[in-house]
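The chain below stands alone and is given as structure tokens, in the form predicted on its own.
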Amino acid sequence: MRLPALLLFAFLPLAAHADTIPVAVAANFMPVMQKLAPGFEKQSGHTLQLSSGATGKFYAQIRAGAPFMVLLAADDTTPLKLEQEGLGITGTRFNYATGQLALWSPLAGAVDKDGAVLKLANFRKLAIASPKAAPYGQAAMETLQALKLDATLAPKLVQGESIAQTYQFVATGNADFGFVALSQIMENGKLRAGSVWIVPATLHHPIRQDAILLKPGVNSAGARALLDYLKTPAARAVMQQYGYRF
């Protein structure tokens, strides 16, 4: 007996339904997500719409009704706030990676392995991300304060709205050095170009980066699948190649 087409459709597995998933990605993590996205999409059948920006700005957008289903933050406080405010789904928040801060120049030999170049202060501009909007910017300020260089270097600071803009300031020569995310300058376990001082974690609070399922994604199998995918050994192996820790 032949079943009507509508009845046949009802028996299709739920996995056959492909979601389009808007994802808010902290700027430091965007290179990793661009690397992970094709594999996730091929494996799951879902499609990712990636938006990159500062975590603080994403928080404001989500509170204003932005339809993101998943937030991959650059801190652990923003996802917690969203959960407490009922905009994030309780029980879905987890630490997907811990970031590393780096002082970087695109020029070989410009940055020494101990960051002593900061104390010399013989440069024009030092780029950092906005401490209010970007956790990596906050970590950069904490580092300068720990080194007792915040007052000395204040006239030389130029702030980017996000860690992505901060990287651009340095890459284009508008700043001599910059505090960037190690993930922006590292790939396949190696520095792509220039010179770097990886800032000791003892000089700032840990950059614990949490993910959370947001209210628009509560019924999305694809959004939940993405969060599960980020916990897999394969995904974490890629993250490690960009300098992330767990």
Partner chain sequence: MLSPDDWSAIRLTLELASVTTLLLLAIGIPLAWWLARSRSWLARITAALVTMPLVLPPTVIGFYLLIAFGANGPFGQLTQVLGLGLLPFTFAGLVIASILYSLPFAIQPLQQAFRAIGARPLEVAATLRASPLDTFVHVVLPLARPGLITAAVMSFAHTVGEFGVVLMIGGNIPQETRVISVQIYDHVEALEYAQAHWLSAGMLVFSFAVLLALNLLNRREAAA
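The model shown is predicted, which means the values in this text are computed figures rather than measured ones. Positions refer to the first chain, counted from 1.
Omitted from view is the form predicted in complex with the partner chain, to which the following refers.
Remark: residue 57 counts among the residues lining the partner chain in the predicted complex, judged by a heavy atom distance of 4.5 Å or less.
When the partner chain is considered in the predicted complex, residue 92 lies well away from it, no heavy atom lying within 4.5 Å.
When the partner chain is considered in the predicted complex, residue 161 lines it closely, a heavy atom lying within 4.5 Å.
Proximity of residue 169 to the partner chain in the predicted complex falls within the 4.5 Å heavy atom cutoff.
The single contact residue among 157, 87, 110, 149, judged by any heavy atom lying within 4.5 Å of the partner chain in the predicted complex, is 157.
Residue in contact with the partner chain in the predicted complex (any heavy atom within 4.5 Å), chosen from 98, 145, 174, 77: 174. Every member of the trio 81, 124 and 165 reaches the partner chain in the predicted complex with some non-hydrogen atom inside 4.5 Å. The chain is drawn here without the partner chain; in the predicted complex, the stretch among 207 to 215, 49 to 57, 33 to 41, 193 to 201 whose residues come within 4.5 Å of it by any heavy atom is 49 to 57.
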